[in-house]
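Encoded as structure tokens, the following chain is the form predicted alone, with no partner shown.
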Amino acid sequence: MKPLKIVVLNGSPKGDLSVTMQYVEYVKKHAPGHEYESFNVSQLINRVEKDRKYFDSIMESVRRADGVIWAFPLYYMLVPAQYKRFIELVFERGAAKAFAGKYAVSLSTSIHFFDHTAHMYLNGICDDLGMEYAGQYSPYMFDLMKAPERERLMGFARGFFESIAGRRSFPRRTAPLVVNTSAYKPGKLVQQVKAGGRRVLILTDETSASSSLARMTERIKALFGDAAEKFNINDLEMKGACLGCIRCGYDGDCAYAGKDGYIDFFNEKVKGADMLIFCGTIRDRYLSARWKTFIDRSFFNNHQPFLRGKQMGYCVSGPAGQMDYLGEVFEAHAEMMHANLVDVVSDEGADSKALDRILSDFAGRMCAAADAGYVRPRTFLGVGGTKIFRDEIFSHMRFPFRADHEYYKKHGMYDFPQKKFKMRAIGTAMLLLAKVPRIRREIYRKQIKPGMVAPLKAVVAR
């Protein structure tokens, strides 16, 4: 195989001090016959954005490369906000042609908390850039310490290099986004909804008062009347995105504390609201990098359900329904917060009259859920995600995330099944009884189904 030129786009805000980049360094050391060039695009995002010559030099390296490795840590079920901004710049500046035809893989490290949604997002980005997406590698963050996992990593890397050398073809796994929206023109407001004295916060990143998003947010505000406050997050002072420094892990003390207005705004406005409506326009295959910065910065609360019991909703302008993982991210966010996701409303495919009704009913349903104190049962997204954090915080993440550990202890979140001694004893006894063939036949052929519903039937009867 002839030497290949590989460009690594490092998405970690920590630059070379990144867990993810240690996997890249291992590949470089054990596949030394290729030329590697790395760019810390997230750590240096301010330079990437302001220094056009530096941005162009990155694009030129990509243009000359045979393959691109998108390497990043997981931040809130996606890539970090800084990486998201880099991707936006590629499209904004017409630089997509530098990526066209190049081979690409995505490599992330995490504790397997929604790593799949991040890779689905990047797969879509690579498809939109016209790249040959050769797959993903998403290990547990410390897998590199295990010999079998190092072998697996090199198998992945060799497969990538062989795909480039052999000019292998890969299917496009995501459909091109089709914008199917019309200019929303709200009609006359007939009736407001009753918020019952609750506080409604509408957060938006709109950049034009005449945009569809601005008109939708104004309609929602009008529906709630004086109960609603609308705030544009573009007006919020944020010195930067989450740095991944984990300084907040001990007691919630953020590296940005006292340096901008984010923490005070979040504690007062976001936590103080009863109903939260997040409004944004689709940028590439997610909301804007500004929105991602806002979401990532909330990590000063660590892995705690700090929006517990609140009503949440999303109002999106753009093809939200064409990206399944986007809805999954929204649902998972609400469920991990122990909040209630009322709905995700978009202007996709709806005329103005239909959208008026949808928005009105959306606001009404949010009020009804608040009146009832309703939070829908969590699905696999929330249950599975919570268990991942429960196990990790209890074990190796207890330090540095001391604040999480104390919160989980206090609120009974260490709900390990090993503590259910009665059920364990019953299960052990039944396993012993089932060793007897006659009893086993009786249980499995006649008693299992009636036995499963018996306690539930008793509740219904009462």
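Bear in mind the structure is a predicted one, so any value in this text is a computation, not a measurement. Residues carry their position along the shown sequence, with the first being 1.
The form predicted in complex with a small molecule is left out here; the points below concern that form.
Partner contacts here mean any heavy atom within 4.5 Å of the small molecule in the predicted complex, and among 314-322, 229-237, 369-377, 112-120 they occur only in 112-120. For the three residues 4, 24 and 159, a heavy atom within 4.5 Å of the small molecule turns up in the predicted complex in no case.
Shown alone here, residue 305 lies farther than 4.5 Å from the small molecule in the predicted complex, counting heavy atoms only. Within 4.5 Å of some heavy atom of the small molecule in the predicted complex lies at least one heavy atom of residue 19. In the predicted complex, the small molecule sits beyond 4.5 Å of every heavy atom of residue 105. In the predicted complex, the small molecule lies farther than 4.5 Å from every heavy atom of residue 356. Residue-level contacts in the predicted complex: of 348, 296, 284, 132, one residue has a heavy atom within 4.5 Å of the small molecule, and it is 296. Shown without its partner, this chain lists 141, 195, 201, 153 as candidates; in the predicted complex, only 141 has a non-hydrogen atom within 4.5 angstroms of the small molecule.
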